[in-house]
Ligand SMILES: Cc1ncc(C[n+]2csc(CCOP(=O)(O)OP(=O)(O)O)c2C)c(N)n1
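This document opens with one chain alone, in structure tokens, the form predicted on its own.
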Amino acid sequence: MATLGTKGMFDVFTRSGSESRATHYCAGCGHGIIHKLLSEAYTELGLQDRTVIVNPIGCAVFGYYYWDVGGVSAGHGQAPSMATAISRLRDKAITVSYQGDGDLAAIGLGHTLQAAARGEHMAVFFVNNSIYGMTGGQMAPTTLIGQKTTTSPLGRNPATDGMPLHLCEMVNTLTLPVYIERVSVADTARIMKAKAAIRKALEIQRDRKGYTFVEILSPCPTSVGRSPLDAAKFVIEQMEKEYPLGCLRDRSAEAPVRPEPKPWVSLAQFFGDDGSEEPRHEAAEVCERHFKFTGFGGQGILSLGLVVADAARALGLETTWLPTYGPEQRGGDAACMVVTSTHTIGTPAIEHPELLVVMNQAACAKHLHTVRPGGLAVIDSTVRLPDPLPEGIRIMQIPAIDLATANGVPKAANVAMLGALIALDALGIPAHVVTEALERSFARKPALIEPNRRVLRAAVDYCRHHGLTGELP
């Protein structure tokens, strides 16, 4: 239970619309103690204004009512992924993923291990009370053998329920985590060790040294059906036998400092044509572009996106390529999204592209209305345009399929569309860079390079001959 004047916590808690100094945690619950240790640590280290805590699903879901720091709620089990995004986009943030055993070790296990495997720059605080506390006391991945819960009334049976998961040991099999320790808050001496571990995890974040994982054994009197004192004894006498306390890894002394984030620059600065000799800095404008390519399987939609992504990478831009397609090898819906940016990209998903390429009728009906105002849609001439047309966007129709067929390469309609995009300067990438990327895509089939060059040139010539420059007709 937090007390008046606790560092780094709100003076009053406004949960359920009323102000109070009482938390919602049950008497004897360890969450209140851990909340206080965490808030004291980030305050004493001078990190309060930089700290962002991702709250879980479970008993600590309302942590944002107590911690006086940045707070974000994540979907069930997804706190590590949310923390990854925050850490990468706000590199100076002290990013914390605070999770219980049901959230972290059950539905969130994949998120947990993948973030640890990548060595994401975050501190994970894993509260293990051996049970699902918020939803009625069901068996959790950490429930002990023989422990009775609402879903294992005769006790956990390893023959049918498997063995408890040891998360610290699982994370310890991975290469990149810097610090892994298991502590407890079952008595005063243990609480002091837990405080030191929490503080150390935040110090590693402050020093930009990588991923930390602290497991905290915590009593849950209500769900284990014991008094607060007996619940604490349960942690010491039973949980600690299954989950021994101690530091499994501490590489903080030799761990390298993570590099500073890539500076944010404008596209003009990136290409060096702004006439400025000023150094790049974070205050500069970020230039990010969103492209979507759509059609059906067999039209080379995904390959078209890959060529554009490769061209952007050749310029040194941050780039993502995200495909979506159905189970059919040919004929099903196919699309891909390409994001290019002068800085780290937050998500590869695109809701409203600034450039949409459409190669068939179904894709037109599905995607044309998603183009952002002022955006451009380049559509094959075989596609019938809707009536009325969407307002506020530019629409160009290009006979990409016909051009490819007329030049002897019917399967190269995607390359004809690429030529149109070059002529329209729709990608913002120099023509020779795009052409070189196209040629690299045929590295294993060099005989196809010249026929595809022919289709590319034909499309560029067509657009120039018809005065297509990307403006509204």
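All figures in this text were calculated on a predicted structure; none of them were measured in a lab. Start at 1 and count along the sequence shown; that's the residue number.
Below, we refer to the form predicted together with this ligand, which is not included among the displayed structures.
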### Query
Taking heavy atoms only, is residue 76 within 4.5 angstroms of this ligand in the predicted bound form?
yes
### Query
If you check in the predicted bound form, is residue 131 within 4.5 Å of this ligand, heavy atoms only?
yes
### Task
Although this ligand is absent from this view, report whether residue 70 comes within 4.5 Å of it in the predicted bound form, heavy atoms only.
no
### Message
When the contact criterion is heavy atoms within 4.5 Å, does residue 58 count as touching this ligand in the predicted bound form?
### Response
yes
## Note on the structure
Partner-free chain; cross-checking this ligand in the predicted bound form, the single residue of 170, 385, 314, 107 with a heavy atom within 4.5 Å is 107
### Message
So this ligand isn't shown here. In the predicted bound form, which residue out of 370, 135, 397, 150 has a non-hydrogen atom within 4.5 Å of it?
### Response
135
### Summary
The stretch from 179 to 187, 94 to 102, 290 to 298, 153 to 161 that lies within 4.5 Å of this ligand in the predicted bound form, judged by heavy atoms, is 94 to 102
